[in-house]
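Here we start with a single chain on its own, the form predicted alone, put down as structure tokens.
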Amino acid sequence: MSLTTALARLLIFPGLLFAVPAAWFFLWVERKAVALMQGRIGPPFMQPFYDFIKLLGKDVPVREGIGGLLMKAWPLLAVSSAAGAVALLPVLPAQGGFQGDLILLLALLEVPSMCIIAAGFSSRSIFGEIGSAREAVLSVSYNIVFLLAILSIAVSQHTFRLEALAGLPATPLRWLGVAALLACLPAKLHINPFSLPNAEQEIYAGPMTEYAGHELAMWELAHGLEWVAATGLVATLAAPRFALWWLAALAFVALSFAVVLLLAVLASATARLAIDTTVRFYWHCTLIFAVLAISSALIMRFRS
């Protein structure tokens, strides 16, 4: 991949010029869909953008020492990693890429969760620490399924290169992996039934309790970019490949939008689960998926 192509992907499409408005749009779609299913009106179309601008104009508490510097650094690191993950998505045909970029994508997708965990403990708030502890337990639980799904897809198609992976014809193991990824997205995006780290009725805003102003605005932007990256990963793995760039872009946006609606329906139809129930759910999913993945791999091997 040339430097020009890499910068275009990072800054234009599917990078920041597309991803930031898409992040606000996806956050609005999720909130609006949940509201409609619950019989409410929901927020206006521009509300996520208005919230972001409003937070930028608010004051930030004065914090001294290394703890204050760390609390400023975590949201910036989360935004940077989420934006980098979006830029790696192989949306357009013949984008290039490099060997092993799938591994880099997985690392970048995990950085925001690690930043949330660190932010809660850096705040020295009891609510932040409880939220960070929940986020850590939740992350360990769903990431086993998430990593197994990605690895099974990559191994079944003999490549860790995103561009090659997206261009190959789908296999049964690939569709099984996509289904497992979908099961992990509610936990990764902190929506019901896995919204434990930011359970407002119990621990206020969890790790975000001590954040305000532009720092909280950066967290909201990072969360929106996570929506774009996570749903975009599913969309690139599930979408057919088109030779025309505008068809590829349209399929990517449409499938990402469909995944957002699916997650919103799930969030509105379920209640928050307890932490022990959540852990058991993902450990059971891990066992089931591992058995199905191994069985599918053996069947494919014997057939070939």
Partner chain sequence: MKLWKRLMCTCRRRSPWLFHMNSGSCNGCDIEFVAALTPRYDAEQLGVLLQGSPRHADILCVTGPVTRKAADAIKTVYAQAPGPKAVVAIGSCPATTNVFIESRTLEGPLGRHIPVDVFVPGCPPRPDAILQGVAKAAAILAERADHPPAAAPVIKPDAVEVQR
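Source: prediction; values computed, not measured. Residue numbers count along the first chain shown, from 1.
Just so you know, the form predicted in complex with its partner chain exists too; it's not on screen, but the next bit is about it.
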Item to check | Interface residue in the model of the complex among 108, 205, 144, 182, criterion: non-hydrogen atom within 4.5 angstroms of its partner chain | outcome: 205
Item to check | Heavy atom contact within 4.5 Å of its partner chain in the model of the complex, the stretch among 210-218, 163-171, 224-232, 72-80 | outcome: 210-218
Item to check | residue 50, heavy atom within 4.5 angstroms of its partner chain in the model of the complex | outcome: yes
Next on the checklist: Within 4.5 Å, heavy atoms only: does residue 38 come near its partner chain in the model of the complex?
Outcome noted: yes
Next on the checklist: Residue-level question: is residue 67 within 4.5 Å of its partner chain in the model of the complex, judged on heavy atoms?
Outcome noted: no
Next on the checklist: Residue-level contact is defined here as any heavy atom of the residue lying within 4.5 Å of its partner chain in the model of the complex; does residue 237 satisfy this criterion?
Outcome noted: no
Item to check | Interface residues of 45-59 toward its partner chain, as seen in the model of the complex [heavy atoms, 4.5 Å] | outcome: 47, 49, 50, 51, 53, 54, 55, 56, 57, 58, 59
